[in-house]
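Two forms of the same protein chain are encoded below as structure tokens; each is given separately, as structure 1 and structure 2.
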Structure 1
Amino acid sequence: MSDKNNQVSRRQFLNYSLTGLGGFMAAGMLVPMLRFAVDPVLQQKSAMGDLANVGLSVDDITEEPQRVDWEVEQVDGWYESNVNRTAWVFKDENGDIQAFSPECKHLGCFVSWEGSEDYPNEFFCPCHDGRYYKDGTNVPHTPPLSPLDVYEHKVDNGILYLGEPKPREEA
């Protein structure tokens, strides 16, 4: 056998090199897309879902709205932080737990319970005199055009867990 048959020509070497480099670049582009598609399926869910323990016993909830503050861990990409959340929690006439977001639906200001001497027993937004009834619906002819958002909630072993606020349909 001659040595000329076992040698790689210049053209074959460039062909192999460029094919390998192209394959490496294609894999570099496809792997992140594949991970993006598969990663949510592999994430573990907690037993309570996205609900957080607010540290409030159901026995401590009264018919008078009370402010509840808690922290949740938020992950944005690779950045993890603790975010403060707030809710107005009380029991309605039927004994059902109600949890409202304190964010005004007009411009996002903080709504407080009995925040105005002129309008007792109502949620009040001081930014533009926005008002809500105790059931969270907006008072007609005031700036908010929709009711307060309602927190998803669950009771487990006598402790209240709150999730994300959900908008309501009725006004």
Structure 2
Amino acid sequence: MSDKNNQVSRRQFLNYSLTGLGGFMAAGMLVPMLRFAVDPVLQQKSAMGDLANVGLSVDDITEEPQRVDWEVEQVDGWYESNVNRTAWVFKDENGDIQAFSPECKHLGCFVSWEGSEDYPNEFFCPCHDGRYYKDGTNVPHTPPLSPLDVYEHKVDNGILYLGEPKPREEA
């Protein structure tokens, strides 16, 4: 009992062992479970699908944004389904085709072209009165943080094909 400070007493030793063993048992149980729970976070993002035919002829695209609906195959875990996608499609001043996602960049509500009578010539989100100019950029001092997402698009045989919505690079 002379050098008491340096020695681990019998009770301390037992307590340490108990804590360690308890930690091992808890970890042994929880590691598989936690990995199981966080799996969606760690899964590789699936490769981008092909661009889909949205059934709209390029000649029909006007300068007025029009709503385009089409279907894509979606795999949600074990649940495979066809889901509807929507885009606002129009030609800008330069004649380039623009396809905007209708998902508000604030909190994901559905944005409509001229959705409010008070704001003509703008995209409008009814949830928090978010607004976007015709070129998709958010109106300052409205809730959205960034411009509307833009769909990848290509034109083949005069038909419009759309892919995934991509956030626009900040200009």
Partner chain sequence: MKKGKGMRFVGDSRISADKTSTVPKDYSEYPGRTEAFWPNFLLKEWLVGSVFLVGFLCATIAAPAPLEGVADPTTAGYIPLPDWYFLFLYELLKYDFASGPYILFGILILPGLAFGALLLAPFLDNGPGRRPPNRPIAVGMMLLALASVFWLTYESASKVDWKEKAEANKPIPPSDLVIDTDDPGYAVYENSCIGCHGDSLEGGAAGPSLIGIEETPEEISKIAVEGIGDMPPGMFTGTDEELEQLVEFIMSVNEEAAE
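If you superpose the two forms and keep the largest set of C-alpha atoms that fall within 1.5 Å, you have the rigid core. These figures come from a predicted structure and were not determined experimentally. Residue 1 is the first residue of structure 1, and the numbers go on in sequence order from there.
Between the two isolated copies of the chain, the first is the form predicted alone. Here Asp76 counts as shifted, since its C-alpha moves by at least 2 Å between the two structures after the core is aligned. Comparing the forms between the two structures on their rigid core, the Cα displacement of Val155 stays under 2 Å.
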